[in-house]
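Take a look at the structure tokens below, where one protein chain is shown in two forms, each on its own, as structure 1 and structure 2.
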Structure 1
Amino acid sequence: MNFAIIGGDMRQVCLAELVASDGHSVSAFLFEEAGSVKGAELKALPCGDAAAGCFGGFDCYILPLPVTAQGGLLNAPLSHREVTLEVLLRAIPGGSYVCGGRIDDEYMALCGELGLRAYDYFKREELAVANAAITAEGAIQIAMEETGIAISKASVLVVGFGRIGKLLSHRLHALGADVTVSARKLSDMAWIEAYGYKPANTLALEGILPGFDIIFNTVPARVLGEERLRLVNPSCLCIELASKPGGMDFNAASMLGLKSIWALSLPGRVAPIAAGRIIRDTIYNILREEGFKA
């Protein structure tokens, strides 16, 4: 197949190299800063901003994760060139396959209007799970870097038993940590026990908070507010893994002198090759479901 890979960070560079090494033809756009993309041809976008459908000739157009940066621009940190997502989409011929990560509803609608077959690979559950695995490992890396203790003897709390909570507690336990995991549902507590961790109730953490060396939060709701943070051991490291609102009160943590870290977007940062591979696999899954042999 003939792929155009346009914009994004090192993950997309790795993705482009992987797709090329699978034997596909790969043209890479907006990667001037990356130096080189092995196996792929680095190209300039082929036409001026206004020419509809001018960017043809590819079986599949892969856009970055997330597709947009500020101001409707295509997310292209490895290029000096600025292109809006809208202009780019309009340049792609109708009927083309377009895969991007975190595509807003308005752009999805635009793709519909333009007759593009658009897929948001970030919505795929298999990508979410595989990304959670990398995030879990990245969180452990941060914990290793930011503490003077060994994980293998540490007493740790993981708040939340969703994707990241499940895989993070699995790896912490494997390394020898004493792992407590909190959840709200009794059935989650049964799973926590069945996997060999100590279960706790997220709604009633007060009694156990003082006992931890490291606390990882994965719940995107205020579960660690000031009152609870006051109970935490002053030498405890707090790592926030939940997105946007987050679950920790960072102001309170800082006021209390707690070391706290907001570890966002770990896959791209700590393991771009692995992250690129996951996007590649997910796009192949999408294409296979569309009848391609990827």
Structure 2
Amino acid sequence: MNFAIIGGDMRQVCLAELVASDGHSVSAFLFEEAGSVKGAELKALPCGDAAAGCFGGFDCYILPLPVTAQGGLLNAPLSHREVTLEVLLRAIPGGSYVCGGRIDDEYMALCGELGLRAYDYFKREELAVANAAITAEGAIQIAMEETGIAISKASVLVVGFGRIGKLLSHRLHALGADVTVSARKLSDMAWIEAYGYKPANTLALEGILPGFDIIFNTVPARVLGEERLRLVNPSCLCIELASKPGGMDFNAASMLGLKSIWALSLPGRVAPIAAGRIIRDTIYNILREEGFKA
């Protein structure tokens, strides 16, 4: 197959190299600062003022995760060139397969208007679970680097019992940490206790907050506001793992002198090769479901 991989961070560089190593033809765009992309041909993007539909010749166009940066620009941190996602999409011929991560409703609707066969690979469960596993490992790495304490001796709180919360709790427990996990659903709290963790109610954390060395938040809603953060041990490390808007009041944490870290996009930062492999496998699954032999 003939792939165009356009923009993104080191995850997409690794993705391009992996796809090329599988024997596919890969053209990489907006990776000037990457230096080289093994097995792929670095090319200039034929966009800007180019005519609609001018960017043809590929079986699949792979866009980054997330697709956009601020102002509707394509997310391309390894390039100085600025291209809006709308301009790029209009340059791709109708009927083409386009795969991107975290495509918002506005651009998904535009893909429909342009006749593009668009897929958001970030919404695939196989990618979400694999990314959560990497995020959990990266969060533990940050905790060890920033506290200097052994996880096996740490008292930790994991707020939320979604994919990341489950996998993070499992790994912390395996390392010997004293793990408390909070949730709102009674069914989740039953599973938390069954796994051997200490259950807590996310809506009633006030009484236990002073007792932790590390707090990990995985809930993308304000669960650690100023009033709760005032109860946290001053030496506690607070790590935010939820996507924006997050669940922690960082202004309040700073004012209170708490060490807090917002660890966004951990898979791309701590394990870009593994993250690239996950994206590749997910896109291959999508294409196979569409009848391609990826």
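Each residue is numbered by where it sits in the sequence of structure 1, with counting from 1. Throughout, rigid core stands for the largest set of C-alpha atoms superposing within 1.5 Å between the two forms. As the structure is a computational prediction, the values presented were derived from the model and not from experiment.
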- Number assigned to the form predicted alone in this pair: 2
- Query: Among 79, 151, 250, 127, which is located at the hinge of the rigid-part motion between structures 1 and 2?
  - Reply: 127
- Note on the structure: A C-alpha superposition of the larger rigid part shows the smaller one rotated between structures 1 and 2 by a count of degrees equal to 12
- Query: Cα shift of residue 199 between structures 1 and 2 after core superposition, in Å?
  - Reply: 2.5
